[in-house]
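Below, in structure tokens: the form predicted alone, a single chain.
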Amino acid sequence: MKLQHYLGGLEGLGPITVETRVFVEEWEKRIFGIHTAMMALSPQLPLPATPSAFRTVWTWAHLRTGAEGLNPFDYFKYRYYEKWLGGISGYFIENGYITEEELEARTAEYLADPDKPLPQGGAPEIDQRVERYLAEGDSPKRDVAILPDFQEGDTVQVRNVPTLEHTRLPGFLRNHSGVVETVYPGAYGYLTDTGTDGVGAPMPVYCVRFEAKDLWPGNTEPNVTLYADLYAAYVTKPTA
């Protein structure tokens, strides 16, 4: 695991940024729009076909994998949407939409002339599909019958799963015990298979309650409780 998977409770990482603006610079809005369009145009969705040349699957998980896979020094150096930009650019190169040389050349063009107009246009069917995707969303709930192993009130222990690039399990919860507060009805898949990390296929999801004093002994305020929604693959029976 990388340092960025362990952030909760760590000290010495510098001051916390309390920026409240969603977008600090104008280009960040465009990056958000590109990401949204890529998700909406992914071929696995049951939405009307469009003349878009986008032919591969892109999800939130791909975006997070790109960020979490960074060298930790780069992860903490770049701002939020700079990580998005790097992840999306890398994805386009890896999937053959553009070469690294072409991307470098186009970047140089706009750095030399920042006022150069950006490409315009596009088929209305693409806009309609993106708008429909935004309105309907993409629920992770799956129509499969899977019974949960734990019930409300059960004590569970968080596994220390082998994570490579991407995880939905915070490092500070690993090997700690908590109490199941809620068993969400149904089963929930994840956007992609995280490999040895363990999530992807539909499974139960639990809301687990932890006491902060148990997570960070001697380094928290009293009477602080933390709740975490955890996939079933991340929890097990407590060790004796």
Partner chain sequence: MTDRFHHPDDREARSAARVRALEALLIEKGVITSKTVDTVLNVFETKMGPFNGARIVARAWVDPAFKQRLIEDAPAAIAELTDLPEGMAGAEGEHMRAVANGEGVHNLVICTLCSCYPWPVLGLPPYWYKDPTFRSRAAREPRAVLKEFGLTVPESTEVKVWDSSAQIRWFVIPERPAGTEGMSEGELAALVTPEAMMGVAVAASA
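A quick note: this is a predicted structure, and the numbers were derived from the prediction, not measured. Positions refer to the first chain, counted from 1. Rigid core: the largest C-alpha set superposing within 1.5 Å between the two forms.
There is another form of this protein, the form predicted in complex with the partner chain, and it is not shown here; the text below is about that form.
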Inset, instruction - Using the partner position in the predicted complex, report whether residue 200 sits within 4.5 Å of the partner chain, counting heavy atoms only. - result: no
Legend entry - Touches the partner chain in the predicted complex: residue 163 (any heavy atom, 4.5 Å): no
Inset, instruction - May I ask you to state whether residue 146 is within 4.5 Å of the partner chain in the predicted complex, using heavy atom distances? - result: no
Inset, instruction - Evaluate residue 177 for contact with the partner chain in the predicted complex, applying a 4.5 angstroms cut-off between non-hydrogen atoms, and reply yes or no. - result: no
Inset, instruction - Let me know which residues along 111 to 140 have a heavy atom within 4.5 Å of the partner chain in the predicted complex, or say none if there are none. - result: 111, 114, 115, 116, 117, 118, 119, 120, 121, 122, 123, 126, 127, 130, 131, 133, 134, 135, 136, 137, 138, 139, 140
Legend entry - Core superposition between the shown form and the other one, C-alpha change of residue 16 at least 2 Å: yes
